[in-house]
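Let's start with one chain on its own, the form predicted on its own, as structure tokens.
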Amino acid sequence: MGTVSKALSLLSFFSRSRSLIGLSEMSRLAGMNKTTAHRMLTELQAAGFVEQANSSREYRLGPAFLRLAALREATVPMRDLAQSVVDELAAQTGETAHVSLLNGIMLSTIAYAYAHQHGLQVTMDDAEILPLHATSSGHAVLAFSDPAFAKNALEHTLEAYTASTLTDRKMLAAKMADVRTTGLAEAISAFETDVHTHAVPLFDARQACIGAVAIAAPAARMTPELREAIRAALLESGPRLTRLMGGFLPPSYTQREAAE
């Protein structure tokens, strides 16, 4: 990983629940010494990507993101398209739906919607970061990405978020083969305990996989009927959202569709 990539990777540690990060904590999270972490944070601060927020000199995301986000939304209103689809999916299935896009070797959530049929639902954070190896969204992306990208994405240490997280690369490879056959990924308690998720890939104009649309439900509520309803809804909505965003399904996906 190059110097720029290493510096930008520090930004992935910020979230709604962890909006402020001190130097020592950032050093620990990134697995680098304090001197290196400080140098990279200083460079990010100079560019406006982070700023120091209080007397303890903790870091938070800086104003550069506001300008870039506004420019992105003005030129590519992808979030609006994604939101319209997840709103439909949540209403249709009664469960939480979300769309996430690739950000390096992680996924960033850009839109999500809750259903109102149940008091208990899976909740999301704004811009939540999802690991590729531990989520159905990640599995869908890995299965339909370039093999070189998938190999690189799994070369780092794979964190076990729960007892059910797949960290064995051979088992992950077998899982990806199944996803390519069905066109849909499924994970149970892999990222969050007692959460059952399904996801399908999204593609851009070059037919490259750029993210996923997913539905998450409490595992205790996942009946065979709900499972089939979710799978059917995603297999229809995923290709539709790809087309709405100006993307095209690759032959590996359309051949699967034709075979069914």
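Sequential numbering from 1, following the sequence displayed. Being a predicted model, the structure only gives us computed values, none of them experimental. Each form is matched to the other, and the largest set of C-alpha atoms that superpose within 1.5 Å is called the rigid core.
The discussion below concerns the form predicted in complex with the DNA, not included here.
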query	finding
Contact residue in the predicted complex, chosen from D204, E51, D194, E43 - any heavy atom within 4.5 Å of the DNA	E43
Answer option from R60, R221, R28, R227, heavy atom within 4.5 Å of the DNA in the predicted complex	R28
is_contact(P250, the DNA) in the predicted complex, heavy atom dist at most 4.5 Å	no
4.5 angstroms heavy atom contact with the DNA in the predicted complex for L23	yes
Proximity to the DNA in the predicted complex (heavy atom, within 4.5 Å), stretch among 60 to 68, 209 to 217, 230 to 238, 28 to 36	28 to 36
Per-residue C-alpha change between the shown form and the other one, V213, threshold 2 Å, rigid core fit	no
